[in-house]
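Below you will find one chain, with nothing else, as structure tokens; this is the form predicted on its own, and questions on how it binds or moves follow later.
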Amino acid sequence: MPSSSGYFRTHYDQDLRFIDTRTQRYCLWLLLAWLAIYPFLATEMLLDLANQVLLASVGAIALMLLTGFAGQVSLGHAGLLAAGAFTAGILFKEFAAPVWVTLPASAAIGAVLGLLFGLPSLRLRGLYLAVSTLALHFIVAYLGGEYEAKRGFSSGIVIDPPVLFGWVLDSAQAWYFVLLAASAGTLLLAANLLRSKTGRAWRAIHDREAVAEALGVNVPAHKLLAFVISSSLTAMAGCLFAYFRGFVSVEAFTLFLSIQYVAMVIVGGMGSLLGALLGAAFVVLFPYGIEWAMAILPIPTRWSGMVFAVDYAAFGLVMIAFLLFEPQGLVGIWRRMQNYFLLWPFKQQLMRK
């Protein structure tokens, strides 16, 4: 995207570039260097938080493709995560399948579920579509709970750490690099999809379906494709979640988890991959920020056991605040800050003119 500093693209081949200027290239190299040394400098807690953010970013990008770009509302994200996690857990317990089998199997299950539950999108829109996708969550949660009960896994399905090329992923540092690769791969896949014919069709459907169809876009096919791709990526994230946590339990995939992922898209900024990353980081770190604030503020002792209640209340207030006062989300704030420094000191002169 051309920046406000005066850089404009003049050829179509420039539109295919991820990096436009030398400043962006230097910033990217600095970011990559920081990401490479971060696990060796961070404490165990900070490293675990980074792993949670990287894992959540995969699901957030998947939901952003579906909702932020294709315009299809979904409340079944937790169900898709559960489907991927239970696929990995069942294949591991029943057949001792390695990660090279469970990961593509989870992606395939997610694609099938996306196709099945994407069919209502051909007839339903808005709230009705959201309710239809909500059924996915309850169906997968019920089936997962039945499997746990019949197999006697009352505390969840325990999964051994995966082995990649003889490397056992049993440490936070090892998981950091795996999740970083998964997040970066998902981001590159999403960015390339959005630059393709498919991505342009999704944007047209998001803006106005009737106009997109008049322009020759196969609306039903592209809607189903959005559900399939998003669901497949989400199920893979669920598989990684199962291995990362070392167990699978239906209690981990509540309806509140779906709401959290919707919040990642809203708070981060609709229609932006950067917004998905910022939203994932914000939602993951928000409860820890509330806990830290309650620890340092002079709060009565009787309130110390109300951390979860305060967290839920503050989470709801933050979502309402973003919807009312900052509909563009965190990415909108970032762009205004970027434009301020890019235009300074000429901004005031332009405003006077």
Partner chain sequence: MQTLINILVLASIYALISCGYVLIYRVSRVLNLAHGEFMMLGAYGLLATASSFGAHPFAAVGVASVMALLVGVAIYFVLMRHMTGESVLAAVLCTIAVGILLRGLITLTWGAQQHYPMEQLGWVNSSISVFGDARISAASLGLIIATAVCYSGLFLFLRYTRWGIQMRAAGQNPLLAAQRGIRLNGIYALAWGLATFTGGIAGMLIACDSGLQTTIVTIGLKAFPATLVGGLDSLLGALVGSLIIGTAEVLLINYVDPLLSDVAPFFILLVMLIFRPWGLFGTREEIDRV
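Residue numbers count along the first chain shown, from 1. Keep in mind the model is a prediction, meaning the values are calculated, not measured.
Absent from the display: the form predicted together with its partner chain. The rest refers to it.
- The candidate site formed by Gly71, Leu136 and Phe308 is fully in contact with its partner chain in the predicted bound form, as each residue has a non-hydrogen atom within 4.5 angstroms of it.
- The partner is absent here; in the predicted bound form, the one residue of Val283, Ile109, Ala201, Ile266 having a heavy atom within 4.5 Å of its partner chain is Ile266.
- Only one of Leu297, Cys27, Leu324, Leu46 lies close to its partner chain in the predicted bound form, with a heavy atom inside 4.5 Å, and it is Leu324.
- Judged by heavy atoms within 4.5 Å of its partner chain in the predicted bound form, the contact stretch among the candidates 177-185, 235-243, 266-274, 157-165 is 266-274.
- In the predicted bound form, its partner chain sits within 4.5 Å of a heavy atom belonging to His206.
- Its partner chain in the predicted bound form is approached by Glu146, whose closest heavy atom lies within 4.5 angstroms of it.
- In the predicted bound form, Tyr312 approaches its partner chain with a heavy atom inside 4.5 Å.
- With a 4.5 Å cutoff on heavy atoms, Tyr142 counts as touching its partner chain in the predicted bound form.
- With contact defined as any non-hydrogen atom lying within 4.5 angstroms of its partner chain in the predicted bound form, Arg123 is the only contacting residue in 103-123.
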